[in-house]
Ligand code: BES
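As structure tokens, one chain now follows by itself in the form predicted on its own.
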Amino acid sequence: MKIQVKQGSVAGESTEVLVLAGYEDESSLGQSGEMLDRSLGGYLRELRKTKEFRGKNHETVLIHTRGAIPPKRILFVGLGEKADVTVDRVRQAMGIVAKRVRQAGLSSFTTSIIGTNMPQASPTALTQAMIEGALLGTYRFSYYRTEKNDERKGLTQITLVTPKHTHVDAIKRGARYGEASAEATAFARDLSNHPSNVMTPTRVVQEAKTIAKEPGVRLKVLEQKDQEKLGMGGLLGVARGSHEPPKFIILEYTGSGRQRKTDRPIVLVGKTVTFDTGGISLKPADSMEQMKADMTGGAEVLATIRAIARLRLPVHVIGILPVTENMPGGRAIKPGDILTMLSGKTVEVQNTDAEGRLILADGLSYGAGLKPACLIDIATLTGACAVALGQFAIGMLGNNDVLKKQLQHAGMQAGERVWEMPLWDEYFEQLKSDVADMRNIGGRGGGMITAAIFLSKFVGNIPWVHLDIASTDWSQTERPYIGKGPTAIGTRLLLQFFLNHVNDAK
């Protein structure tokens, strides 16, 4: 993708498509729009007057200029009422623009920065959102299609024009962030879209090896024998029913500068179950094919570290991926079995479909042993999260208010919002076992909370936040910059958290 930033006026740009945004409650065309309208004999204003373009949110109108002005076409996109516009609505608008440009068989467009009326949104933030929306709006996963029925071009160039030379550097920075963020999200979507007969634990290691070629990245993989020596009973227990050997991936990025090597790392732990049948507690057959995406948390950790490395951010981060399948079989763990975890705690397995917390517990224990500045785990952990929050919020629980606020702020910026749930000690009563330190389920009530309470027993006093993405992980419908299937929601949230961490440190 070529992203060009220029100072000037969009009215004079020779382009396949010039994108103009409009509001539902304001008919002004802006300075550039008025210039274009005069050359077009008042045609643009007539579109508003006749209400062929109302400016409603997600509305588009494409017109041909027939050589009257330098742009060959003008694409209007609606943002709704001016007071309701948010950065994410700008992101959505650009996703719709990219889809419409592609639908027309075109490969490029030009636009100015949209949403500048919002005083709280910087040119960098708006540009980042615009590029994210445009690139993710045309995402397609067609790797396994043998017939290429759609011959339309993909988006290859975006030109951003600003009248203010003082904004050029900020816009370029936002474009760089936006491209990295969208690329990371697409990468995580790709990993989650691959079927489980391809995206095996061994294949996940291969993906990590590729990322380890980026500057500043190092990889360590603990094989099954290593896990046995350390006593990773959670990961080994879940893996027992599978013919695929479990992997434990440690991917470390050390940013530029000597001080980075001595900085306490931020540790990310991602649930990476490459297929989840539920084990002996077998899931219903309906929609089980979606369980290929039960490794999305791990995919997002990989994608985040790759993006951080490519942006050369001055941070120290370690990604941990406990990787396995959860399969039924003659050796599979059974309800009633007791596992001894890496931490030494014992867990009575009452449901083998509550496997994510078992492998995450070992991942968190290992991460806690690295004495990090903080721990963040991300996982498609509980169906209860989707019941509680639907599909538009990530469940967040944790033990540190500062860290929770930082992630909440990053989620608002990224359009990947989190919603905090309580983590009260009383919920642990539901996890008490008669025969072990705890059990791995706490009954139907508060399922998302009891899962997080379980994880909290493996982090000690380290600042920690758990992100349950089971609610947002899969989309049944096409949205402006989110297609059907795996969404990789959480990737941009994590990357934004690190971008904020770097900017706050300056």
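This one's a predicted model, so the numbers in the text were calculated from it and none came from an experiment. Counting begins at 1, following the sequence as shown.
This next part talks about the form predicted together with this ligand, which is not shown.
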Q. Which one of M291, I250, L106, A121 is close to this ligand in the model of the complex, taking close to mean a heavy atom within 4.5 Å?
A. M291
**Q.** Option touching this ligand, based on a heavy atom within 4.5 Å in the model of the complex, out of A393, L313, A186, A384
**A.** A384
Q. Are any of the heavy atoms in R357 no more than 4.5 Å from a heavy atom of this ligand in the model of the complex?
A. yes
Q) Taking heavy atoms and a 4.5 Å cut-off, does T324 contact this ligand in the model of the complex? A) no
Q: May I ask you to check whether Q224 falls inside a 4.5 Å heavy atom distance of this ligand in the model of the complex?
A: no
Q: Answer for I449 alone: is it within 4.5 Å of this ligand in the model of the complex, judged on heavy atom distances?
A: no
Q) Three residues, D276, K283 and I441; all within 4.5 Å of this ligand in the model of the complex via heavy atoms? A) yes
Q. If we take heavy atoms and a 4.5 Å cut-off, which stretch out of 63-71, 23-31, 466-474, 41-49 is in contact with this ligand in the model of the complex?
A. 466-474
